[in-house]
Each structure stands twice: as structure tokens, then as C-alpha cells.
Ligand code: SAM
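First, one chain by itself in C-alpha cells, the form predicted on its own.
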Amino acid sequence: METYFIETWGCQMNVLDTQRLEGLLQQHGLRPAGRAEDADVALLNTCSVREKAVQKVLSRLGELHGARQAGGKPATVGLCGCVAEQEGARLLARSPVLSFVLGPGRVAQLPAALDAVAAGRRVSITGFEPARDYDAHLIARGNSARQYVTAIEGCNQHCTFCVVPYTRGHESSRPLREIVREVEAVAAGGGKEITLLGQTVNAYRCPATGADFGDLLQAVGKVAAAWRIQFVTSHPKFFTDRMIDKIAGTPRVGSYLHLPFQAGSNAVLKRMHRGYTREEYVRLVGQIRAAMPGVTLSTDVIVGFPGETEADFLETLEVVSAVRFGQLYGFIYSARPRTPALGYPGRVARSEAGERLERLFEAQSPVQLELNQALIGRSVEILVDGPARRGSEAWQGRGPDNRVVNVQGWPGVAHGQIADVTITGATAHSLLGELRPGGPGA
């Protein structure tokens, strides 16, 4: 085995898991290939949040099987991520090309899986151990100025629609000092924007000291080499007045907060087991905005949850109208194995759920446009990510509020550069800007 390739689907935690897998493969002596069909080892790092996840995985495995039958590569195929944890050894029986299955709680056992394959065995390594191995120094971070650091793994909330507690296990917070050391190392290595990750990141509790998420942010915010600290994803029920004050009082924390509300109907929220009412959510938004006047809120919304009526959906639209989110991610309910909602009555027809999703986006789009247009004329620092699109002379970056800003290219522009720009235009989904003379990056 000489080369590897990893295909990554899903959330930021999967992206970071891929970096962990890459680090282990490189330690094993492998180097990256350009695509799975050219690699000795191909890993599929999967997501199971949506209903068709397994079908998508099986389709890709079929393609790799065809490539191998045609006399090509990959010789070793591993399935990682949440689908691996969800399906386990069943996938070994369903796909002859598959060499091993490795759950997200067992990333550190990748070398053991490769050794088993070398010995002629097909293995499934899933489940969760009380003490999870986390070798931060082995993460293959590349040269991106945006980096992720795990604060808390797993989830204890058991929302009735969500498969995460079954695919990523129970909550397990890392020690605060360990996280701070990793952030220091990442920032020293060129990471400018560092995002703390967790399925319910603000449920964090240091296992050594009992420090909460506000304490963690305050400690991480003192890392001088970091330009900006972000975090995802927050759960509304874990915010406290003290935590909000600590977030607001930490200058390096970005002005972006992802705060899913999922549904605007109290009846639906109760069936979802979200742990708050719409009134409590809206009140929390008011508290956050009072403490952080410039905050940009984004959210997740599920439509078509079992039993959702037209009246329930209208209450969701009311919350969207009242809160005025800077970004909104909407989804049609997707039935997931092992989740309580799988057996709920009152399934909403796909066509009706799709129509509601369109109405949700129609309600949100003018709000986003208006909020973005209000920024025209303002100055903002952005972290440059790269060309806006292939072949374009414009470059794209994001400010501390996570909004996309497209800027005309200039001599010496580079990935990871911090630039001072003036906002000159806006659409519902992005901003236009010009480099400010004499500012950073000019």
C-alpha cells in the first residue's frame, strides 16, 4: 500500500475526522492520490443524517467494485463515519469490495484495520470506548487558514428525529487545557480562524474542572495568534446568562452564532424532544442580541415532521419573520433508523413537505437580502479562502459574521490572507466588496 484517497460527506466533524484519518495514513507511510480509483487505499467518510445515505454509499461502493473488476484500484476500501456506525458488519455482507468498516468513535483504530486487511481479514470496528483516543498532533491539517478543533463529541439529547446519539455516541468533553493547547498549536501553525466543534458544543463541561463552554471560549479567546474563534453547533437549552456574558465579553469570538430552532410549533417541538418552547427560543434570541448587538444568527429548520399541520408550519414562518435570521438551512424531515420519530403517525406527504420547504425559503430570502443590503458601505475584515469560482478573477472570503464576500482580485492575493474591504453590493446569499486602500491585504 503506497497511496490513499478519502471521500468526505457531511458536517464539519466529518471533515475533521478525515484530517485525523489522513494523519494516521501518512504515519502509516501512505501518500495522497488524486482520486479513489487511483489509490491503493480508498476511504469513504460518510454521513447518515439524510434518509438516502446508505443507498448513496452502496452506489459508490458499486462504482469502486467495478473499477477493481476492470483490473484497477483501489485494492483496499474502508467505510468510515456515521453510516459505518449505523450499519456495521452488515455492509461487509452487502458489498464484496469493502475491506473494513470503521465507526467515528474508532478513528484511532485505523492502523489496526489496515493490519487486519494485510492479514487477509475483513473487519468491522465500531462502538464507543469510555476513554476515546484523540491524538491531536497526528491530524493532517494541510495549509488552510480555517481549522477545526473538537471540544465535545457525541450527544445526549436524543431529539426524536436525530441519529447522532446512535452514530457518534454519548457526550464526551475534552479537558479544557488540552483544547487550549491544541488551539495554540493550530494558531502557531498558521490557523487564523479556529472553529470549536461539537454536536451540542455549548453543553461542554471540562471533565477535570467542571468549566463550562463560556469558560472554554474565554480561555481559547486568549490565544494571541488566533484571528477569530467560531463555534458550532449550539443547542438553545444550554445557554445561561453567565455563558452569554462570557461569549459577549471575549473579543476574538466571531459575530456569528448558529442556533437551530427546528420548528416554530410548541406541539412539534415537544414531539421532537427539543427541550424548549418557541417563546423560550425567541426570548433567548433577545438575550443574545442584547449582549451581542452585532450578532448574525443562522438556524436549521425541519419541515414535514410527522404530525406537522399547516397551522404548525405557519408558526414556523412566524418565528422566521420575528427573528430575521442572517442564514437559514431548511430540510424536509428524513426518517432515520433507531429514532423514535420513525414510528410516529401522521407522516406528511413528500409533495406537501416540499411545498412547505419552498415557502420557507421564499419567506427567508427577502429577509437575507434586506439584512445584507444594510451592510453596504461598511468596512469589514475578511479571511480570504480562494477564487470565487474556477477561472474567476474575483476572490472569496468570509468576515467574522460568516457571510460570504466576493472581492475583485488584486496583486499578491493569497489563500489565508486577511483583507480589509468595503461592502459595495449584496444579494440574498453573498456580499460584494472592494479592497480598502491602506488596509490589511492592500
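One rule holds for the numbers: they count along the sequence shown, beginning at 1. Everything quoted here is computed from the prediction, not taken from an experiment.
There is another form of the same protein, the form predicted in complex with the ligand; it is not shown, and what comes next is about it.
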Within 4.5 Å of the ligand in the predicted complex, heavy atoms considered, which of Val49, Val54, Ala36, Ala388? Val49
Which residue, Glu352, Asp300, Glu358, Asp115, is the contact with the ligand in the predicted complex, using a 4.5 Å heavy atom cutoff? Asp300
Should the three residues Gln86, Phe128 and Ser172 be counted as contacting the ligand in the predicted complex, with contact defined as a heavy atom within 4.5 Å for each? no
Can you pick the stretch from 255 to 263, 181 to 189, 137 to 145, 285 to 293 whose heavy atoms fall within 4.5 Å of the ligand in the predicted complex? 255 to 263
Taking any heavy atom pair closer than or equal to 4.5 Å as contact, tell me whether Phe325 reaches the ligand in the predicted complex. no
Just checking whether Pro104 would be counted as a contact of the ligand in the predicted complex - the rule being heavy atoms within 4.5 angstroms. no
Would Phe161 count as touching the ligand in the predicted complex under a 4.5 Å heavy atom rule? yes
Contact between Arg336 and the ligand in the predicted complex at 4.5 Å, heavy atoms? yes
Contacts with the ligand in the predicted complex, stretch 199 to 223 (heavy atom within 4.5 Å): Gln199
